[in-house]
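First comes one chain, alone, set out as structure tokens in the form predicted on its own.
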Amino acid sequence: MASSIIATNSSANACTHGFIKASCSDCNLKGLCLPIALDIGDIERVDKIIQRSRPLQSGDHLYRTGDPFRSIYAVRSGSIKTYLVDENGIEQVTGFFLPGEVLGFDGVANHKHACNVVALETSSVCEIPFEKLEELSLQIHTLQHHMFQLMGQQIESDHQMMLTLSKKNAEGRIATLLLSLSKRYARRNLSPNAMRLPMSRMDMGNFLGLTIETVSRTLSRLHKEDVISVDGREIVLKNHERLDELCHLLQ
């Protein structure tokens, strides 16, 4: 259960478990999960409702399907995977979240979380109690608008992925994912070309509707064509134009 992983703090600026102190005003990711227009006073008001916990280790669940919805979460470090499990126990990966990205909106509609969330590596999150966020959003309208934007972005991302899976071949699907990660890393002031994939080949294939063998073969082919270079999870994008062409090719 989420409650076994997320422990609350008595102070917004310090962790009662002795971990590194953190605050929104000092975080270099605040421009991603908070509105840029917030002044320092409003950032401090948001900071007071945020709860920071001990890190999640690889394989730790933040929450599971059916858990009561109480909070949304901003990834502070590491990477997170969301997935569903069907009636036959088959796992379907539905998304990957990087530092500065917000998750948990799946629980808003029915007050219960609709998916499972697990850390892909040692990760930390900021927990934002939704009731307190709603109250504060009524007072800070830019914050309310930003939350709507975040939800809209997730809906748009889901629609784009549905389009990718329905119309593109293996190279197009992988190119779409790589360019998406490139843009997301760039927003964090990281290299848009050199990246370390947060997910395994198996998770990548599951997410894109491909077998692990197809993922490996496709990455190797793109490597041989000098479109990318591959060394385990280390990827360098060498030809963005070719990747973009692959994204627009139909099956």
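Since the model is a prediction, treat every value here as computed from it, not as a measurement. Numbers follow the displayed sequence, beginning with 1.
The form predicted in complex with a further copy of the same chain is left out here; the points below concern that form.
- Residues of just one listed stretch (46 to 54, 187 to 195, 203 to 211, 220 to 228) have heavy atoms within 4.5 Å of a further copy of the same chain in the predicted bound form: 203 to 211.
- Using a 4.5 angstroms threshold between heavy atoms, residue 91 counts as touching a further copy of the same chain in the predicted bound form.
- In the predicted bound form, a further copy of the same chain sits beyond 4.5 Å of every heavy atom of residue 73.
- Residue contact check for residue 177: none of its heavy atoms lie within 4.5 Å of a further copy of the same chain in the predicted bound form.
- In the predicted bound form, no heavy atom of residue 99 sits within 4.5 Å of a further copy of the same chain.
- Taken together, the three residues 23, 58 and 103 lack any non-hydrogen atom within 4.5 angstroms of a further copy of the same chain in the predicted bound form.
- Looking at 145 to 176, the residues that come within 4.5 Å of a further copy of the same chain in the predicted bound form, counting any heavy atom, are 145, 147, 148, 149, 151, 152, 153, 154, 155, 156, 158, 159, 160, 161, 162, 163, 165, 166, 167.
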